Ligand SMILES: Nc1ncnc2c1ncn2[C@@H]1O[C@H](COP(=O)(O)OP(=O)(O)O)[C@@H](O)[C@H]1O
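Next up: just one chain, as structure tokens, the form predicted on its own.
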């Protein structure tokens, strides 16, 4: 299946839980989409800057001034900066990054609904960009201003969840945040829950996966992302697994995830047209 490149497909990955696989999923998804021929923009909306560091290295990212990062979109002092100069090409063909680092933390405030025009900073930045087929937002482990901005700018939400007790906590709050964001972005839709970091050998993981599927049914993606060393090795080499080990089980599972995401997007569009 293919994505309609006449309009960018934008997906934000959110969860209140850290370590649930948002950044790594974004990183490897970008590689799979790029390998399909799509021009991909990764929006690093996390002050930790994990996606940025994955491509450019920790030292380089930490030394970036605010006006060279996503923080510039929220800073009135950066009005003279050309926003398009913020987008950086990576060493991987077809993948570009809007970077972030610690400077973004200042603007990641709670109660984002009270943020006035700041709520639309990412949306206004991305609306004129038509050269990207896919836009992926990596969000911080909270539902503050950065995650809120991503939801206002995106068309779809993907919620990574590890099959463990801490990983499944707060799902209702995430659903409520999506519902709240739809007041300002009525086109926002949930793609579903993505089970990440799964180890089918563990009874507790199988039990939590079964519970999630019982609770949320078709909202849980059929594809799961297991704990595979190829993902970590590729990340250490600053290459999405699709580029680093295209024949590995990890790359194959990522391609399966892309296929399911695209199918779900097309189904959402068909449902919207039929409504």
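Bear in mind the structure is a predicted one, so any value in this text is a computation, not a measurement. Numbering follows the first chain given and starts at 1.
One more form of this protein should be noted, the form predicted together with this ligand, which is absent from this view; the next part is about it.
**Student:** Among 227, 68, 209, 62, which has any heavy atom within 4.5 Å of this ligand in the predicted complex?
**Tutor:** Among 227, 68, 209, 62, a heavy atom within 4.5 Å of this ligand in the predicted complex occurs only for 227.
**Student:** By the heavy atom within 4.5 Å rule, which residue out of 193, 197, 189, 205 makes contact with this ligand in the predicted complex?
**Tutor:** So the residue touching this ligand in the predicted complex, by this definition, is 197.
**Student:** Would you point out which of 209-217, 231-239, 35-43, 52-60 contains residues with a non-hydrogen atom within 4.5 Å of this ligand in the predicted complex?
**Tutor:** Looking at the other structure, the answer is 231-239.
**Student:** Contact with this ligand in the predicted complex for residue 20, defined as at least one heavy atom pair within 4.5 Å: yes or no?
**Tutor:** Residue-level check for residue 20: yes, a contact with this ligand.
**Student:** Quick one: does residue 10 come within 4.5 Å of this ligand in the predicted complex, counting heavy atoms only?
**Tutor:** So residue 10 does not count as contacting this ligand.
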